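Below, in structure tokens: the form predicted on its own, a single chain.
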Amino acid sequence: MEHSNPILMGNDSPQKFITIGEVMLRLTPPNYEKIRMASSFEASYGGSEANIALALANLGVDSTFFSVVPNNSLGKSAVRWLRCNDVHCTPMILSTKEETPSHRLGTYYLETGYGIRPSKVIYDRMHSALTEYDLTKVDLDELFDGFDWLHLSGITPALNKNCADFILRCLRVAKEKGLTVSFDGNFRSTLWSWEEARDYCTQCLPYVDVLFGIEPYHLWKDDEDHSKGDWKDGVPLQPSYEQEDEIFQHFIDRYPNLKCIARHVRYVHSGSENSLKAFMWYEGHTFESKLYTFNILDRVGGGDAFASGLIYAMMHDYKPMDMVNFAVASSAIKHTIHGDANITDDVESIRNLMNMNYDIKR
């Protein structure tokens, strides 16, 4: 059965987008309560790759998500959440208990920070359906047929070897089929170690066209003598333009397949107020965005909103400075929205923030 996105009517999507990952149930105590104090939880769904699929679908991009969820009410509810936001879910697998014995949907608990108290996440995703399903059965040539852009992250391969092998296979097949591939390392310290993440994600770089973030990857000064260090050693979390430009250039020298590298830089004033800006290397130049300062309603998914904003801008041939500013503005807006995903269906609202126009639109 062929499904269509009603948002695309009269607004032709320039490319067909697909992403792969785990969609999870998110449980959050209301009113900024701590988990140990909570007597109830607000339920929603999220996950890095799902967040990007959803954000792009809301902006009118023909967007598809692939995952494995248990064939029960939780799995079906997660699919419904995606579909009600115009994400195509046709290739998703609703697994049986025989295929995924634990028959679980991954879950995480979010304790939302406030003021000087930071947010905290507790994962409960071991033995989820995606990790237990035999992913070697997935026909990737068929799955990617007709798509132009694939997005992956370093979260899914961190779940187990089954997923890690699958993501590398996705990268190879996508490259053979000529898809544009974007990748976000998205390091999660609760899922694997820093060295494990660097070892794996570095293997992905030869297949990537658009790279989000400069970690976790090895960028050795000397491949034969690692004691000489990594080019990124000593670079601060809030680098100068010159420092970022130098790192970007080392990536391009090592991996000339990269067409774009982008990273956002966060300045934390408190748990409730942050600033963001971004750097982007594109077409031989490094660009620096405006700095956006804002109050936070919900920080989770801010990086995914940055990625989806840049993907959207690249698909629509924005000028480089507009690309990076649109991406940061997308992330800033997400911080004002409850839940994991940037549910913004009005491109102009992001462009207004990009231009720092805060007037009421009537």
Ligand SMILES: O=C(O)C(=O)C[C@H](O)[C@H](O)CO
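Not measured: the values here are computed from a predicted model. Each residue number is its position in the shown sequence, starting from 1.
Just so it is clear, the following notes concern the form predicted together with this ligand, a form of the same protein that is not shown.
Interface residue remark: residue 63 is not counted as part of the site for this ligand in the predicted complex, having no heavy atom within 4.5 Å. Looking at residue 155, you'd find a heavy atom of it within 4.5 angstroms of this ligand in the predicted complex. Residue contact check for residue 330: none of its heavy atoms lie within 4.5 Å of this ligand in the predicted complex. By the criterion of a heavy atom within 4.5 Å, residue 70 is excluded from the residues contacting this ligand in the predicted complex. Residues of just one listed stretch (278 to 286, 236 to 244, 120 to 128, 210 to 218) have heavy atoms within 4.5 Å of this ligand in the predicted complex: 120 to 128.
Exactly one listed residue, out of 103, 266, 254, 188, brings a non-hydrogen atom to within 4.5 Å of this ligand in the predicted complex: 188.
Contact annotation: of the candidates 200, 114, 108, 147, the single residue with a non-hydrogen atom within 4.5 angstroms of this ligand in the predicted complex is 108. Contacts between stretch 66 to 90 and this ligand, counted in the predicted complex as any heavy atom lying within 4.5 Å, involve no residue at all.
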